[in-house]
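Starting off, we have a lone chain in the form predicted on its own, written out as structure tokens.
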Amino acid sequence: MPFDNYSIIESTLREGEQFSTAAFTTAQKQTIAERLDAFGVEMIEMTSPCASPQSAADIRAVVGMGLNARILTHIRCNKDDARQALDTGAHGIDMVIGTSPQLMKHSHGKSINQIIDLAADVLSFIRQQAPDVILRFSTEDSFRSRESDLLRIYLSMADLGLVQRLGVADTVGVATPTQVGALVHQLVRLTGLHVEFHGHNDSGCAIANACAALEAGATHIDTTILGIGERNGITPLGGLIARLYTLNRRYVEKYNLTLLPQLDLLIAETCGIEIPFSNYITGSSAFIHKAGIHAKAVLADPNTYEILKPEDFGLSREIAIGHRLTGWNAIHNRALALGLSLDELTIKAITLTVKERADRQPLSLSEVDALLLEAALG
């Protein structure tokens, strides 16, 4: 069934390195890999060893950590890249080649027939050298490619019997969930192989597209912490977890959810950026309730206005009370938290005072507490 048997390919150390302010040291890569492994991701994808001598050394360093997660590296469709990838000792090799008219013209200049022949040659070479390596073939810019071209290529790769996984890439973030679901379903039905989805977020559809891929039978989803990557990045790890959690908590119970805030903070600090206030789960506003009607209901039953339980992520909710929208139930709850026993009329009078003062300027929590303590002392 969809969502019951999927794996995360965490690409912060590959796609994430393409983010504008990302420049990870070896030590930072090892820390990120260690935290991702503790979180429970199944695979960690790293930058191609062809990118630089240090990139190759970093793969070896992370492979040498002996993590539970399988370490993958990413290469172009040529034997030189393959040789360097094999030399790193990576557990898996993710090979890719562009198939859209734009990339065929401006990237590698090859025809569909030439792509098929070249990919078959490189995949055969890799499999001969490393019979047990995890091997994936992916098209690049899949959703601006001709469907007939894609199917010719994918079916040819499947017929070789050399790869465990086929990749589908929404390289420029142009796909819709319907398009993603249709292509993934075709590949699952026609090839019987595992299918991986890599989705960019240029138009804000990365999470929805990832879920559509899983619904259609995809087995692997690429993510990065905070969604960092080229341009607007790809499917964020936290966003995917949030989406699957809301469908069924069971879908994400294999991961250590309480580590997610640490992962987001680690990448934010390493890249010199702020976690967006609206970020899934870890944003500063994610579990803050402000409006009086919301606060009253949440205090009675958090499920009324929370689809995610903050405690499942090692977090807590906050009821904002020093503003003009506050309600007396929220003020009463604060009084109880302070150990104060005040009658309803007193609480409602303090609430009115807060509202009147907040019309000029919001009150801090300490200012609200002062009003409550003053009333309690009589």
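So that there is no doubt, residue numbering starts at 1 and follows the sequence shown. Just so we're clear, the structure is a prediction, and the values are computed from it rather than from any experiment.
Form predicted together with a small molecule: not shown, discussed below.
Shown alone here, residue 169 lies within 4.5 Å of the small molecule in the predicted bound form, counting heavy atoms only.
The closest non-hydrogen atom of residue 140 lies within 4.5 Å of the small molecule in the predicted bound form.
Proximity of residue 104 to the small molecule in the predicted bound form: non-hydrogen atoms within 4.5 Å are absent; the residue sits far from the partner. In the predicted bound form, the small molecule stays beyond 4.5 Å of every heavy atom belonging to residue 10. Heavy atoms within 4.5 Å of the small molecule in the predicted bound form belong, among the stretches 197-205, 285-293, 261-269, 248-256, to residues of 197-205. With the partner omitted from this view, the residue of 220, 110, 74, 243 that lies near the small molecule in the predicted bound form is 74 [heavy atom within 4.5 Å].
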